[in-house]
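This document opens with one chain alone, in structure tokens, the form predicted on its own.
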Amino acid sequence: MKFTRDEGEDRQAILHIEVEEDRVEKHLQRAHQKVAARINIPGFRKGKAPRNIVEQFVGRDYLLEEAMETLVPEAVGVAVEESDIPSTHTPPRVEVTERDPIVKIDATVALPPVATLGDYKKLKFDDELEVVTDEQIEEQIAQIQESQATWDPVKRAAKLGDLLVITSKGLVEGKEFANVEGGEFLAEAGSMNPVPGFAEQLKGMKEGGSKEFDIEIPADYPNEEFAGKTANFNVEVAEVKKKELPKLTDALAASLGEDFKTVAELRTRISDNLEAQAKDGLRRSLEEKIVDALVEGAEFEVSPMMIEHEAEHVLEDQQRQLAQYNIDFQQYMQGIGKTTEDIVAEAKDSAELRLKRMLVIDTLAEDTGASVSDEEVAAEIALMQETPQYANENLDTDEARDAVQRILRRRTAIDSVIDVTHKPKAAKAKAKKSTTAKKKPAAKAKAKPAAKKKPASSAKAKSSSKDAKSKK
């Protein structure tokens, strides 16, 4: 098969393809078999008419058009492969320019996009690591106590915050409304269940007591049938329960099933977790800022075909998400007051930004020479397999390892930029103070040994496992 290549604009190449006669003949024969099997020719059973008869019956142009359905994709695929154009997973745009006597095809192929980065080393970010406070630790402790709380029966009058076992019958203009038969009800202040004010009416009731009261249903109540009307309730209380929070003891800490045995160890674990969350949050914030800055400062060459193809995926994702909630896409557009053209334009903008963000990170990985060892990839996959999302996934494949390696390379590249550009205010103030101290000869202080740098762990290199999955 013959082909020539022209360089087009916008990172696209045009392949001019001439298909050899033998290949055309092979697909014409396939077309004959398909056509013969679906048409009735007098004197022949379906699929048994010879090719010359079928061609006379339907015409050579018809048979050739049928052959094009398989011939064109095959010829274009072979030409792209032999031209050594790297794959962008974007379908070529194809035009058949001649059918007879020689099949000629023009295929426009998207080339890999290119980004030229600005001087990212001049970027400076002074974001500070959030300091873990005693209040945050105590808040976590309180949540643990809440999760271990019990509800104990009491004989006193109900208070807001108590749990009541009630039977409630509500009527609105003779129609049943929010009935409960021996159910538990948490009497929280400001509760909207079943209507505002219901919980407050239970305050002061005792076990075995009953009460009848009316409540005005708000005009904006979701069920329009009852909105703005008066509900009459008859409530009987079978039991009143008070929340009992467990005391903060070593026994409570040990009962949580972790490897700590004392409250002190529990507080340390909580502090460590909060600090890890703060570090992770700071890194994610810096990554967003760095990628935004890289996109803003870069020059791009991206094929419009790639953007359109990516936009199709964006629209498919939107439609799939809406379908999960049984929402029709056309109704959705009408609801938000947008046209198909508006939605498509937004999808293209989103697709272009998504492509550019990924492109600058991959270009950064090349520029910085970011590399990841096989051991780091294996460790990351082991971490992923421990999560429910990937517990049953087979990640022991070349594709999965390549995807994880790409993700870790991107993260390594971002980390290298963070090391250069992140200059927190606290560190600046400390450096300034240290410089000032050097000017005072009397202020000779014993220097503390530098803390050992922690080895790059799998946790630090933990990737967006969703990306890894999508690359499979």
Partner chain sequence: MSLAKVLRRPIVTEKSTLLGAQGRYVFEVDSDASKHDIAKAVEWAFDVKVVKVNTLTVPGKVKRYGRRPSKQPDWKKAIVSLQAGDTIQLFEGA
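Keep in mind that what you see is a predicted model, and the values were worked out from it rather than measured. Residue numbers count along the first chain shown, from 1.
Quick note: we don't show the form predicted in complex with its partner chain, though the next part is all about it.
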item	value
Stretch in contact in the model of the complex with its partner chain, which is absent here, among 404-412, 27-35, 41-49, 58-66 (heavy atoms within 4.5 Å)	41-49
Any non-hydrogen atom of residue 53 within 4.5 angstroms of its partner chain in the model of the complex	yes
Sequence-ordered list of residues in 268-307 near its partner chain in the model of the complex, where near means a heavy atom within 4.5 Å	none
